[in-house]
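First, one chain by itself in structure tokens, the form predicted alone.
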């Protein structure tokens, strides 16, 4: 797929998403599908952060949930009335991104020379450490209760309300559009080409003058910053930091599923992966469960008949099938597509 067509896909996706709340107003019953899309937008941002390190640079990170937790708790501490800071939404979000970037640098510095399984184990351990620290640091994080309540965002004097989802919807969609533009520009820049060269062959990349340590550290920092932004928006959406268990290993696996199923190294693939994975969880499973309950086909006391209890098995099955039949993802990047079909002609990479 040529570059202009990919750009058209990205902005068509965002344009259709922007029109959904307006379309709902003219539909009978005014269905709130847009309300269900808000967590999908946040998980798409988390997937974009992971895609920088795993998709562009080829470094397996199993601890993105920890960066999301750092963002959520940093935002909560900066905005909640029980702390002395009491910043507004925009100032707190900007500082949260900086904190996430700093944490990514500190994690990347001692681990940047690790590769493959070793890096995956380190990031997995980092995620477990962060979750346990948040649980036990009661004096700051309020333990398993989480930090709440958090003030709603405001925009030029307009305060967002929980009962009206449209302002939240466009706020999250706006952040997602900015991240899509940022990641697209990074992918096509000198830095993005250096990341991809490291993913393909780190030794050859270093021989061509690329500093792998510097580039991987930059990928760590920028990916962590985007994941922290997703955490800050998630906390503002909930009105609470949530308990530390909300940012466990399962969140990292869902983010990894989004990147792999959508297409590693492709910004549009991450958007598609978030829509497929989270749409299945938030829309399809909820609809099926409500239908079965309405017709008394399932019992709340029987865990085997509830569709939601099988979702992680289905995610695992999706990963197995994708790795077996379409390892490049539903919407592969040009580089992965060229590797999967080396005999087919493809256009040279653009500058």
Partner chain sequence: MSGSEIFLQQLIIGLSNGMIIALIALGYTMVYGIIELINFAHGDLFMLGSFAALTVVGLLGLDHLAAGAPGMWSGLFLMLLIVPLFCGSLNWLADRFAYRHLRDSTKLAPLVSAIGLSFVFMNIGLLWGGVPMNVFGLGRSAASPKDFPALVSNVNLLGQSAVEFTTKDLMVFVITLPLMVLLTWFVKGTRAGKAMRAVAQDRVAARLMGIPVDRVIGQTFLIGGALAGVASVVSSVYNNTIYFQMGYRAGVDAFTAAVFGGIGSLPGAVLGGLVIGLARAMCDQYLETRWTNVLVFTVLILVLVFRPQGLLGARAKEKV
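Numbering follows the first chain given and starts at 1. Not measured: the values here are computed from a predicted model.
Beyond the structure shown, there is the form predicted in complex with its partner chain, which is absent from this document and is the topic of what follows.
Which of 209-217, 231-239, 186-194, 244-252 lines the interface with its partner chain in the model of the complex (heavy atom within 4.5 Å): Selected stretch: 244-252.
Does every residue of 117, 122 and 125 put a non-hydrogen atom within 4.5 angstroms of its partner chain in the model of the complex? Yes.
Whether residue 324 contacts its partner chain in the model of the complex should be assessed with a 4.5 Å heavy atom distance threshold; does it? Output for residue 324 is yes: heavy atoms within 4.5 Å of its partner chain.
4.5 angstroms heavy atom contact with its partner chain in the model of the complex for residue 291: Close contact is absent here: in the model of the complex, residue 291 is far from its partner chain, nothing within 4.5 Å, heavy atoms only.
4.5 angstroms heavy atom contact with its partner chain in the model of the complex for residue 60: Contact check for residue 60: yes, within 4.5 Å of its partner chain in the model of the complex.
According to a 4.5 angstroms non-hydrogen atom cut-off, is residue 129 in contact with its partner chain in the model of the complex? The answer is yes: residue 129 has a heavy atom within 4.5 Å of its partner chain.
Ok, 164, 145, 91, 136: which has a heavy atom sitting within 4.5 Å of its partner chain in the model of the complex? Exactly one listed residue reaches within 4.5 Å, namely 136.
Exactly one of 36, 284, 319, 298 has a non-hydrogen atom within 4.5 Å of its partner chain in the model of the complex; which residue is it? Contact residue from the list: 319.
Residues within stretch 86-116 having a non-hydrogen atom within 4.5 Å of its partner chain in the model of the complex: Heavy-atom contacts to its partner chain in the model of the complex: 110, 111, 113, 114, 115.
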